[in-house]
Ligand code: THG
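The data below hold one chain only, encoded as structure tokens and taken in the form predicted alone.
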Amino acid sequence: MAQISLSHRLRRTPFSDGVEAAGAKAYTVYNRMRLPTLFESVEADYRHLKSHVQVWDVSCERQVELRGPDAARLMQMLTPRDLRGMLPGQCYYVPIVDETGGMLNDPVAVKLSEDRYWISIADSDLLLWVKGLANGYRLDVLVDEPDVSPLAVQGPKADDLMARLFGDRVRDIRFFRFDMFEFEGRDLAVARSGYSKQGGFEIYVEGGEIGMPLWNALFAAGEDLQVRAGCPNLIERIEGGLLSYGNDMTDDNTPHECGLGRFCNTHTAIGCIGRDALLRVAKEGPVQQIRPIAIEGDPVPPCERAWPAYVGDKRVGQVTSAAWSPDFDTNVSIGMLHLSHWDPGTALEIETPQGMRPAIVRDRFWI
């Protein structure tokens, strides 16, 4: 089987030694870094994530830092979400759009202080867009990629593991909030967030030299909790409706098409670059939108390309992510459907590599 040739362009992370020792079997390239995608098997990793606790190397969630007097102004230019009420210590999910209202990224913004933000990005060159805006508008702000590597602790036992390392105060962090905790003389931002619906935390590790000491300390503290190395799990993320930028949505889609309208305060988000375009979308409504779709039959293969969705001979959309769910005994999937065929209960035919499959549009995601 062909392999990816490694080079300095595919950067290692502060936790790569631990990931390799844990037996990662597969990786993808994400923001020019190596993101593990498999340890034991997709289903075994899924079952363990839902039952115990995992430590994920998500250093590939690179940070775009905004720092300076115009940091808040630039942050609002990027997103149609109204950020005026955002306080230091909060994390906001922020659709990032271009001048046409197209999605450029769907990161989490972390407000460290009134004049300093981190944007924890999905896979894209967002840093260049932000630098371009800052320079084009001559803003008094520094835009850079800091030496920050997130480490996620996810699963139902995440609180217990984190409390052993950082103390019981970590249990008090509210969802999408963060607080500062000390490890080996270094203050680290710890947020209650993560790319799963099982609950957990993300530790923003400043300085790569403490990466492996932190990794080893978590595993030493959680041995009786059955802690394992893990990674974002395809099955679990589809069950929970967690979208993947570049797979389920691109810059051809608006936040409203992606079901993210609740994160858009377009009328009040004064200064957003794509505001005028999104006001038109909000008024007219999207003509297509992401929906959960249950695909019948045996387990489907990996969705390496979009699978067309039909009603009769008419193409009405596509499936972008799919996997067999052991817990729900069906193929779970995420699709983009035309408004004429996105209602719950609509019967579809999905063109998979194994042939046509019957499918049903659901009213909600599985978890």
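Numbers follow the displayed sequence, beginning with 1. In this text the structure is predicted, and so the values were computed from the model without any measurement.
The form predicted together with (6S)-5,6,7,8-tetrahydrofolate (THG) exists for this protein as well; it is not shown, and the discussion that follows is about that form.
Engineer: Tell me, out of F166, F178, W215, Y204, which residue has a non-hydrogen atom within 4.5 angstroms of (6S)-5,6,7,8-tetrahydrofolate (THG) in the predicted bound form.
Structural biologist: The residue in contact is Y204.
Engineer: Between P292, G194, G211, G222, only one gets a heavy atom within 4.5 angstroms of (6S)-5,6,7,8-tetrahydrofolate (THG) in the predicted bound form; which residue is that?
Structural biologist: Contact residue from the list: G194.
Engineer: Within 4.5 Å of (6S)-5,6,7,8-tetrahydrofolate (THG) in the predicted bound form, do we find a heavy atom from each of E61, A122 and R262?
Structural biologist: Yes, all three are in contact.
Engineer: Though only this chain appears here, would D106 touch (6S)-5,6,7,8-tetrahydrofolate (THG) in the predicted bound form if you measure heavy atom gaps against 4.5 Å?
Structural biologist: Judged by the heavy-atom cut-off of 4.5 Å, D106 is in contact with (6S)-5,6,7,8-tetrahydrofolate (THG) in the predicted bound form.
Engineer: For L242, is any heavy atom within 4.5 Å of (6S)-5,6,7,8-tetrahydrofolate (THG) in the predicted bound form, or not?
Structural biologist: L242: contacts (6S)-5,6,7,8-tetrahydrofolate (THG) in the predicted bound form.
Engineer: Is it the case that W129, even though its partner is missing from this view, gets within 4.5 Å of (6S)-5,6,7,8-tetrahydrofolate (THG) in the predicted bound form, heavy atoms only?
Structural biologist: So W129 does not count as contacting (6S)-5,6,7,8-tetrahydrofolate (THG).
Engineer: Tell me, yes or no, whether F183 is in contact with (6S)-5,6,7,8-tetrahydrofolate (THG) in the predicted bound form, where a contact means a heavy atom of each within 4.5 Å.
Structural biologist: Looking in the predicted bound form, residue contacts with (6S)-5,6,7,8-tetrahydrofolate (THG) do not include F183, since no heavy atom lies within 4.5 Å.
Engineer: So if I measure heavy atom distances to (6S)-5,6,7,8-tetrahydrofolate (THG) in the predicted bound form, which of the stretches 67-75, 265-273, 168-176, 280-288 falls within 4.5 Å?
Structural biologist: Flagged stretch: 168-176.
Engineer: For the stretch 30-44, which residues lie within 4.5 Å of (6S)-5,6,7,8-tetrahydrofolate (THG) in the predicted bound form by non-hydrogen atom distance?
Structural biologist: Going through 30-44 in order - heavy atoms within 4.5 Å of (6S)-5,6,7,8-tetrahydrofolate (THG) in the predicted bound form - there is one hit, Y30.
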